[in-house]
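Have a look below at one chain only, the form predicted on its own, in structure tokens format.
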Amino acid sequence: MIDTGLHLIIAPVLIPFLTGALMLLYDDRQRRAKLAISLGSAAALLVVAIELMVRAKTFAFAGGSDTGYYLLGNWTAPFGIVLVADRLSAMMLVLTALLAIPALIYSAAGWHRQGQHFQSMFQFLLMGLNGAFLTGDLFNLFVFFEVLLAASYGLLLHGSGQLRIRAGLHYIAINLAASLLFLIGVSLIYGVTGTLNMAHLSRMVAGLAESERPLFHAGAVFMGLAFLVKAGIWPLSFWLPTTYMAGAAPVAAMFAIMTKVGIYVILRLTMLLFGPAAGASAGFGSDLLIAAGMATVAFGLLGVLASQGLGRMAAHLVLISSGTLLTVNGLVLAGGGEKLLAGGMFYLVSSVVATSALFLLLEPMSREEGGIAAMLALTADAYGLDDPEDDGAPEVGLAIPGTLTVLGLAFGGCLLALAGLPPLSGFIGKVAILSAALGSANLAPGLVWSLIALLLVAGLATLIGLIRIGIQTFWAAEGTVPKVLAVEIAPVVALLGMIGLMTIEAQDTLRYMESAASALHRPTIYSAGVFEAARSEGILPEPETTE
């Protein structure tokens, strides 16, 4: 008997793919219908992602497992393509859907009218993100990686403005170079092992001949560099601040999770291929991740202090988040333990939601005419609003009263979460990381104290930088109060509500993260599950035979 619940694993890929393709058939002037379809798709993705998370949490997959396996074409591993849904991938799926819905609602304020096929590109971006989180095969990781990149190119260039076009072309060039590195790395790994299945690689790496191991490590380095570029690692992060600042507000809000695709892949592959069971390859790359992560945090905090505009500052806050997570990844690979990884996952979710909310606040906070407009590096040209396309549709939503009060409270919530101040989830995430690092017997005390000092200084720099922008915006501003629609502020309030919910449910959330971290520390269970996914539990029934 076929377990129909297994079809849920491929649904996060199929739903946005079919939705995006369907909307290409609509005339681009039918924007309200396309927006409704896109929101329905994102809501369906959220429902599916939550169901997968519940199944992983309650061991409700086939055989009472916390991990589900979907064999495409009903081909068993390592010959066929496999999708894997576990606690970590389910968490990333839920996070993606939770960001997509507010971003789509925000786009109803007029952003989707600045160019063509916004909704289709948005859906293809979701398809690429979800596929990258679910795939268990390196080649298909490359395919989904290219899908999300192609969609992000169109979304970044959506609209007009010289700054946006220049940043978009730089972004395309950098990612094409990263894709080339990815292909070189994949080729080297396949040449050594003869497989690209992650579970199969996990089984093979410990038994590699000593003559083959350097070439395998070289392939891993090339492939890792591709994702480190995407994660914004220093010194390969020169493209990120201008790119993220130039994107339209709902696009930048989704880009907050784009860097975390690189973080996710590096975490997944390092725990599978270079964990304690990897033999001579155990811990490979940990020193590089720690050093590069700390350098990225330092670069990010200096960028925050130097930034005069909120857009560039928000982009550097993304770098601080990525650097912190890469450092945690390196420390975990060096023996930091499950609790350290769990704290890093908690911090990942909190920082992504907070930076996404901050990106949505950029344009409303820079809308006022006067001195603050000169201070903020977010011009109407950068957002493509000088010559908006007029299709005769009225503005969506109502202007809200007490605009500065609402904007100020929302900005304050982002400040507390990103600076790591109590009582919000950013503080809990940092405390979880630092307490786990202090309690680890495998980490050098000097390294731990360096991490503590760096995170404290980064929090202080974030506090100083955002307070400076807040003072300029809400206290020293002159001119008329900007008009902000409810459809623009409601998504920000929703994202901050998620941060509040994480704070209230911090104990249960951390417990889930600890279970996910524990599973990542047991790669043999992951690989065994992929190989033991029987045809009788697959997608298609056995073919009928005729005499």
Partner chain sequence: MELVLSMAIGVLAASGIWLLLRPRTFQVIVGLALLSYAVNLFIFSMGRLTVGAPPLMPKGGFVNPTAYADPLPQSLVLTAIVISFATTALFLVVMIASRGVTGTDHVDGKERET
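If you're wondering where the values come from, they're calculated on a predicted model, not measured in any experiment. Positions refer to the first chain, counted from 1.
The protein also exists as the form predicted together with the partner chain; that form is not presented, and the subsequent description refers to it.
With the partner omitted here, the residue from L447, V143, I101, A206 that has a non-hydrogen atom within 4.5 angstroms of the partner chain in the model of the complex is V143. In summary, among the residues L157, A108, A97, L451, the only one with a non-hydrogen atom within 4.5 Å of the partner chain in the model of the complex is L157.
For the partner chain in the model of the complex, the listed stretch (178 to 186, 353 to 361, 86 to 94, 254 to 262) containing residues with heavy atoms inside 4.5 Å is 178 to 186. At a distance threshold of 4.5 angstroms between non-hydrogen atoms, N442 is out of contact with the partner chain in the model of the complex. Although the partner is absent from this view, I172 contacts the partner chain in the model of the complex, with a non-hydrogen atom inside 4.5 angstroms. Remark: L196 counts among the residues lining the partner chain in the model of the complex, judged by a heavy atom distance of 4.5 Å or less. In the model of the complex, the partner chain sits within 4.5 Å of a heavy atom of G191.
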